[in-house]
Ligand code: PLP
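What follows is a single chain, given as structure tokens, in the form predicted alone.
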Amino acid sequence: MIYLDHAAATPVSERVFRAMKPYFTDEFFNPSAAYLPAKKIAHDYEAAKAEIAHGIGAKASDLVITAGATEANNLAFTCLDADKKEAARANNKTESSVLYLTTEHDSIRRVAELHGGEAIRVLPNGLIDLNDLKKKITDETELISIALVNNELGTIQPLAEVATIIREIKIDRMKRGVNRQLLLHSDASQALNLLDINVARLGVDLLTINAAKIYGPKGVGALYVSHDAKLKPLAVGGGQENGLRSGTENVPGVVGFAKAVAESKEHLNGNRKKYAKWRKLFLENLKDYELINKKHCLDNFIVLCFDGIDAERLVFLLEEKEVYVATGAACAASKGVRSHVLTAIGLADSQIAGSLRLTLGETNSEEQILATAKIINEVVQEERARVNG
């Protein structure tokens, strides 16, 4: 098997699995219980949270553990004041309090649309159009959400530049007596494995991270929350996670998340060099293709277009040869929905229909990369011959 869809899911690493295992069996206690074995588990949980937080330059108290990135993204949007939105609608104010990048993951787009959000354009290379951002920020804007790395293209957004723009607008607001929050949220789910993330350097108020993309367990994520962001719980109960995420703590999941973060930091530079080498090698051995994400992207993302060929059929044909690739985000592809990301960067329908996304990872080897190029060349050649009769 050659697996090239690491942006969709990664296997749990051996070290992560070993770290988690005791907390499923011997160390099973509820961290909220009063007896000593449970207090030990509570200590382990907080230590794991501290390690996750350290990985992004934060403190354990700044994190809210969630059941993944989707929940973390939805929680971030609770910073918006519902009463103010209702009053604005009653007064026929049409300006949106939310801006989001048009290429965002559906867990951002859907919740932003519920709040009447307005989309920020991207340039043909997938980067944010900073001029469009500046034009769309008004005195009503309270939250801006921009993923650090796009989940379909691997495009790395210039968040520090966005943060600078936001700081300048906040200063101007203060001078004019406009006392409305202006927060920056980023979904960094795809970034933690290959970028050195620091919340202060990025200038974010809210940051989503995800264990499932960095060889940790599925169903575990976290939201970094700065002191300026005031959130409301999505569900109430026992008051865990500073009252923002009630429910018995997922101790094995958080321990595994912490180990995955530590491993990512340990291998950061080595992985970047390795994937850059493999990407170059793969493209040198591939024929008859158009590369979509040429610059400003993570080294493990390769987005290709075989114009005139049905990419969904290519995925099926490659699966028969035990090569697993994607046509885009897994959640969109499973519903047969055309990629809004590829549409946003201006690709024609025929290009979108013929696009494949390959994401390299730790299950791969140089031999697999070369083998994949050879197999794709053969399959595409056969398909072109079939289409042309």
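Treat the numbers as computed from the prediction; the structure is a model and nothing was measured. Sequential numbering from 1, following the sequence displayed.
FYI, the form predicted in complex with the ligand isn't displayed, but the following is about it.
Colleague: Residue-level contact is defined here as any heavy atom of the residue lying within 4.5 Å of the ligand in the predicted complex; does H105 satisfy this criterion?
Modeller: Judged by the heavy-atom cut-off of 4.5 Å, H105 is in contact with the ligand in the predicted complex.
Colleague: Closest heavy atom of K213 to the ligand in the predicted complex, within 4.5 Å or not?
Modeller: Yes, K213 sits close enough to the ligand in the predicted complex that at least one of its heavy atoms falls within 4.5 Å.
Colleague: Residue-level question: is G55 within 4.5 Å of the ligand in the predicted complex, judged on heavy atoms?
Modeller: No, G55 sits far enough from the ligand in the predicted complex that none of its heavy atoms falls within 4.5 Å.
Colleague: When the contact criterion is heavy atoms within 4.5 Å, does N364 count as touching the ligand in the predicted complex?
Modeller: Outside the cut-off, so no.
Colleague: S145, N300, T155, Q190: which sits within 4.5 Å of the ligand in the predicted complex by any heavy atom?
Modeller: Here the answer is residue option Q190.
Colleague: Looking at L360, I65, A69, A48, which has any heavy atom no more than 4.5 Å from the ligand in the predicted complex?
Modeller: After the contact test, the surviving option is A69.
Colleague: Exactly one stretch in 263-271, 205-213, 313-321, 276-284 has heavy atoms within 4.5 Å of the ligand in the predicted complex; which is it?
Modeller: Within 4.5 Å of the partner lies stretch 205-213.
Colleague: Which of the residues spanning 127-161 lie within 4.5 Å of the ligand in the predicted complex, based on heavy atoms?
Modeller: Counting only heavy atoms within 4.5 Å of the ligand in the predicted complex, the single contacting residue of 127-161 is N151.
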